[in-house]
Ligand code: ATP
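The form predicted on its own is given below as one chain in structure tokens.
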């Protein structure tokens, strides 16, 4: 069977799981999180190992890679959890293999690595339990949850689970198994789905520089964009689909079309690949964003905030650009920051003026919104006063003194008032984004927005 045929088979099983279950198929949902550390490992790698190992026990669906709240301070890197769904009659053997695989591969000796595993019998879920899982999953993407929050939900359902150390990974594990049921939520951003194909390195190469031919990556991007995206950053001429950490990931190709993703992978030349795994994911969806008023914001949450520019942009030390927006009634305001890594995006921000109406997209930390995108809704018209020109010689007139109008010293002509000129703004209304190198996994690239949206993609 071809790789694409296998993908379609696993996609179909995933779609079956998202529909109402008739109770006659024994399917086990497995959620896993927090197996990595800054020193190595990746939870997606463990998922890829399990997809292969569990195939002998039954049909395995396309695994889930779910990005959770990107502002959580205790995250390792991209704050991603995984889930696998197995149609099997050998539940006990499957659970034993999952526990063994996590125990053998997780960075258990590293401080802060606290894996969690959750098991859900799909055929036992009814709509009310599906909704509870979906609401927890949505909350994990947008809010700050505790281990106790996860344990309370697990106890109410109830679900079998396993925790290493304090088990902080239970939060992500529970959220990931709720991924198929997000249709119970009405927010379109939570329902959006994309794909990522991840290529993994051989163990002996972990921690060494990655050998990837940059020219082939740019070619793959050119031939498959916009069906694939965030593979390269053209503004910096940089490959961004490969991480810089000592983890097992060689590179990942993200996109909306599975065939285009596989085509990009086939074009890229690199060191030998140990294995590849395609994930269905919420990357590139803006699922983390909450529509809110400025007066309601909290740290470690991500928002879309509509407001009026109340303090003009200033450049501070380090090249960061800061400005403020206020609620329309002026009751609350917040600083917004375009930090130095956003590069050319800062040029857009510097052109804002007091009175412009905008919608700021980003995450709040230390009461400052870290910009991911900005929509310029309406530019305020600014009138500039200029000295009039002489009607005879064409030179600019001088002021005749307070309330005395203007005069041309040479021609002795007079004008009673200045000339009012509408300032031409070097800026257009619409949506702007940070470049791919500064974009979070979960942030939605403008190329994915519908064509009726007035967008200015970074490329």
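Not measured: the values here are computed from a predicted model. Numbering follows the first chain given and starts at 1.
Just so you know, the form predicted together with this ligand exists too; it's not on screen, but the next bit is about it.
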Q.
Which residue, 144, 304, 236, 354, is the contact with this ligand in the predicted bound form, using a 4.5 Å heavy atom cutoff?
A. 144
Q) So which of 47, 62, 68, 434 reaches within 4.5 angstroms of this ligand in the predicted bound form, heavy atom to heavy atom? A) 68
Q: Sort through 320 to 328, 158 to 166, 78 to 86, 274 to 282 and report the only stretch with a non-hydrogen atom within 4.5 Å of this ligand in the predicted bound form.
A: 78 to 86
(Q) With a cut-off of 4.5 Å between heavy atoms, is residue 97 one of the residues that contacts this ligand in the predicted bound form? (A) no
Q) Just to confirm, residue 118 within 4.5 Å of this ligand in the predicted bound form by heavy atoms? A) no
Q) Does residue 72 make contact with this ligand in the predicted bound form, using a 4.5 Å heavy atom cut-off? A) yes
Q.
Please determine whether residue 178 contacts this ligand in the predicted bound form, using a 4.5 Å cut-off between heavy atoms.
A. no
Q) 43, 140 and 172: each with a heavy atom within 4.5 Å of this ligand in the predicted bound form? A) yes
